[in-house]
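Shown here is one chain on its own, the form predicted on its own, set out as structure tokens.
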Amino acid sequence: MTPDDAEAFFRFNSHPEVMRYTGEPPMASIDAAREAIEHYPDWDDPGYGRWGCVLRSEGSTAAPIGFCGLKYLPETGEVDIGYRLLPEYWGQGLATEAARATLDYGFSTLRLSEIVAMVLPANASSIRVLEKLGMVRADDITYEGQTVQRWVITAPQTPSTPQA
């Protein structure tokens, strides 16, 4: 996302239903959204992060309807998949579609061996997305002061090349 996406970024990061299970307070203003986009450090280190999601039918110049992507968690040493969409786009398979593409990128391009997801136990819709992705509930942990379910998926095994 670019600073030009600040209004859309603010829209989904300030929506009470979107933010309900994130553990974060709703974003305060469009200026705060612009600031967050301008100072998003993840693309510099570790070199990946969250992408803005747009509807394919509206083209790449459409306003983002949410985000999906990977985030390195220095406190656990793991890579987390996260997604957020405006409520009017829930229940259409869009989070699953975006998350599948994100997992593929993480495993095939970044060559990650494992990706995790942190989800509040009450977030049944997000848990259903994780199940569709083939992620497995590993354990419950305290993360950022909350008890969350930690879900895990490991890189798919590629068939070994026959020896000549």
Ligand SMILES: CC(C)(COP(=O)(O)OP(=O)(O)OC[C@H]1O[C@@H](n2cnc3c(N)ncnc32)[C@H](O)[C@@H]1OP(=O)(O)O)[C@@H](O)C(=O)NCCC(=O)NCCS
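Note that the coordinates shown come from a computational prediction; the quantities given were computed from them, not determined experimentally. All residue numbers refer to positions in the sequence shown, first residue = 1.
Keep in mind that the form predicted together with the named molecule is not shown, yet the notes after this line are about it.
Between 107-115, 35-43, 134-142, 120-128, the stretch whose residues reach within 4.5 angstroms of the named molecule in the predicted bound form through a non-hydrogen atom is 120-128. Taking the partner from the other structure, the named molecule in the predicted bound form has a heavy atom within 4.5 Å of a heavy atom of residue 85. Using a 4.5 angstroms limit between non-hydrogen atoms, residue 79 is distant from the named molecule in the predicted bound form. In the predicted bound form, at least one heavy atom of residue 91 sits within 4.5 Å of a heavy atom of the named molecule.
In the predicted bound form, the named molecule lies farther than 4.5 Å from every heavy atom of residue 53.
In the predicted bound form, the residues of 11-36 lying within 4.5 Å of the named molecule by at least one heavy atom are, in order, 17, 18, 21, 22.
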